[in-house]
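Given next, in structure tokens, is a single chain: the form predicted on its own.
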Amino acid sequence: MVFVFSDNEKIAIEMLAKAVEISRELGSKPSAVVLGRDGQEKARKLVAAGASVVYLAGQDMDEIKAEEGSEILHSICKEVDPPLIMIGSTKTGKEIAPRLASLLDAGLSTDSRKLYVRDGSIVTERIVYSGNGVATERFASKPAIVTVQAKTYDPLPPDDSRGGEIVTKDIAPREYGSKILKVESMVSEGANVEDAQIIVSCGRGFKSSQDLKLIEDLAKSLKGYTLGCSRPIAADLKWLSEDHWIGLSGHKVKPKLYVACGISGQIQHVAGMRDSGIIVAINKDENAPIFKVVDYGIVGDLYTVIPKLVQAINEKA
């Protein structure tokens, strides 16, 4: 069985789409693991998303800790011997994956962008050196463990009529010394760039924070009021919160339309938005790296171009 696990339900559903594809090539079945309470509802969603089997364990766990989570997954994997284990690249997933690899004496490839089978072996491709290169890695043993970031794969359309088995596992992990003392929700400005279908982003081409009204106007005209930004705007200048930060160290996005305004296009930023459907850039430097990855490029001063673009869109609408 090809295994999928993530404490983030959306990522688990996205990974299942690839698990279904890989399972066909390996002559296996796509499966998933759910840890913690309320597992039945999550399991039904995963079956609808493509899982043939969903294993439920740790039903008495309010919070998933890496130690207990990796031990439970290890127990299930030893029983069913999956050739491939896909783990969502969340904070919890990043802690569980190396622990599980150690317990299974298995190889681990982190933040895979591509995953496929070649000559019967699992092969992954992942970005290295801050986006300046792509490493192709082939697993020489089984199981292969791979972590996957959000938005890497498009989920299958949910099908509630799809048949699947839900199996409950009574596994009691050992008690560990670490404890979760408190969980606090991150204070957010309401930006949800990862789920946005239209994003208008800003970079160092803007002279002041007051000038960001230009991209607000553009976003409104496009009926997609979601603002993004490059690292300096959020991390250095603090003009926008980190909720808006798109890039290798920020959020990875996959909107239908991405408009980059005054963003030079350094590889760290491009790594976070390169999978967008249509990419448009506005920059006065015709040699800016951003123009190498766009579908449409406008060379010009954003202070002149954006108002004219907004006017044209509103007239067309």
Ligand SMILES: Cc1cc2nc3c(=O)[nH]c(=O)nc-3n(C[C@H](O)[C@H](O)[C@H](O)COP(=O)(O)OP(=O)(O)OC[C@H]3O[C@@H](n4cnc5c(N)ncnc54)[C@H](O)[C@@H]3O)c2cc1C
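The term rigid core refers to the most C-alpha atoms you can superpose between the two forms while keeping them within 1.5 Å. All of these numbers come straight from a predicted model, not from anything done at the bench. Each residue number is its position in the shown sequence, starting from 1.
Heads up, the form predicted together with the ligand isn't pictured, but that's what we're talking about next.
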Listed residue that, although the ligand is not shown, lies within 4.5 Å of it in the predicted complex (heavy atoms), from Gly39, Pro255, Gly265, Gly58: Gly265
Interface segment, criterion being heavy atoms within 4.5 Å of the ligand in the predicted complex, picked from 78 to 86, 199 to 207, 101 to 109, 219 to 227: 199 to 207
4.5 Å heavy atom contact, Ala66 to the ligand in the predicted complex: no
Close approach of Val280 to the ligand in the predicted complex, 4.5 Å, heavy atom: no
is_contact(Asp285, the ligand) in the predicted complex, heavy atom dist at most 4.5 Å: yes
Exercise: Tyr153 in contact with the ligand in the predicted complex, heavy atom 4.5 Å: no
In the predicted complex, residues of 212 to 234 near the ligand [heavy atom within 4.5 Å]: Ser230, Arg231, Pro232
Did Ala43 shift 2 Å or more between this form and the one not shown, C-alpha, core superposed: no
Large Cα move at Gln268 between this form and the one not shown, threshold 2 Å, rigid core: yes
Large Cα move at Val305 between this form and the one not shown, threshold 2 Å, rigid core: yes
Distance direction in the predicted complex for the C-alpha atoms of Ala235 and Thr92, relative to the displayed form (3 angstroms or more): closer
Change in CA distance between Gly93 and Glu242 in the predicted complex, which is 3 Å or more, as closer or farther: closer
